[in-house]
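The chain below stands alone, shown as structure tokens; this is the form predicted on its own.
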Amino acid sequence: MFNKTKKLMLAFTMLTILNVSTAMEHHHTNYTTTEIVINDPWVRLSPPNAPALGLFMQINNNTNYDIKLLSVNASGYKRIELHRTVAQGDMMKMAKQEFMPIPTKGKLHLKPGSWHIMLIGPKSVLRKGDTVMIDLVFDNGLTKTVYAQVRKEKKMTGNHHRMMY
């Protein structure tokens, strides 16, 4: 009788530990997925012979610390670079960046004429509506996979603002 009680207590303890560790893992997973939220990833539709394609999105940092986008991985490109358009005298120039900073509880909007990602040397021609799978690698150890849709960018006339559709 004493052995049965011991075995039941041991089984109960093991089930409790298993339940707590599963709950902690589930909590951690939910926390991790909301640390960084990617909105509206898209690739600009370009002519078939374009040597590079622009990738844009909004990255929201919901953490209590600054983070950096360190790199982007996707198959089907010669290389992928982080860029920012900067003024150099009277000219606007794209400059390769080592990382993209996203402030605490802030966001970084990757858009034409600003921060963006260059998909250089595409190995196939993308068409409107295609989807590109991309892995974003951050300095906090998180990697986010996003699916960016290929679409046109509509330029608005009369001012310097651009609108996508």
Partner chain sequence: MNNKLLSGIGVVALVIATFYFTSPNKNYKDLEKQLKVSYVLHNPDKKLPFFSLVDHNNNKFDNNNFKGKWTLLSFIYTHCPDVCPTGLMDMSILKSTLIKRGINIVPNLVAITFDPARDTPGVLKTYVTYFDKDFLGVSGDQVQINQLIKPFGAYYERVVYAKNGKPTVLKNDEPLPKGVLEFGYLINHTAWIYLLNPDGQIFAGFPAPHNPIKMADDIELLIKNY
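Residue numbers count along the first chain shown, from 1. Predicted, not measured: the structure shown is a model, and the values here were computed from it.
Below, we turn to the form predicted in complex with its partner chain, even though it does not appear here.
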| field | Selected contact from Ile59, Leu69, Ala52, Ile134, since only one has a non-hydrogen atom within 4.5 angstroms of its partner chain in the model of the complex | value | Ala52
| request: Choose from 60-68, 37-45, 100-108, 135-143 the stretch whose residues reach within 4.5 Å of its partner chain in the model of the complex, heavy atoms counted. | output: 37-45
| said: Although the partner isn't part of this model, could you tell me whether Lys123 comes within 4.5 Å of its partner chain in the model of the complex, counting any heavy atom of the residue? | reply: no
| message | Can you tell me if Gly129 lies within 4.5 angstroms of its partner chain in the model of the complex, counting non-hydrogen atoms only? | response | no
| Do Asn73 and its partner chain share at least one heavy atom pair within 4.5 Å in the model of the complex? | no
| query | Which residues, if any, of 65-88 lie within 4.5 Å of its partner chain in the model of the complex when only heavy atoms count? | reply | Lys78, Arg79, His83, Thr85
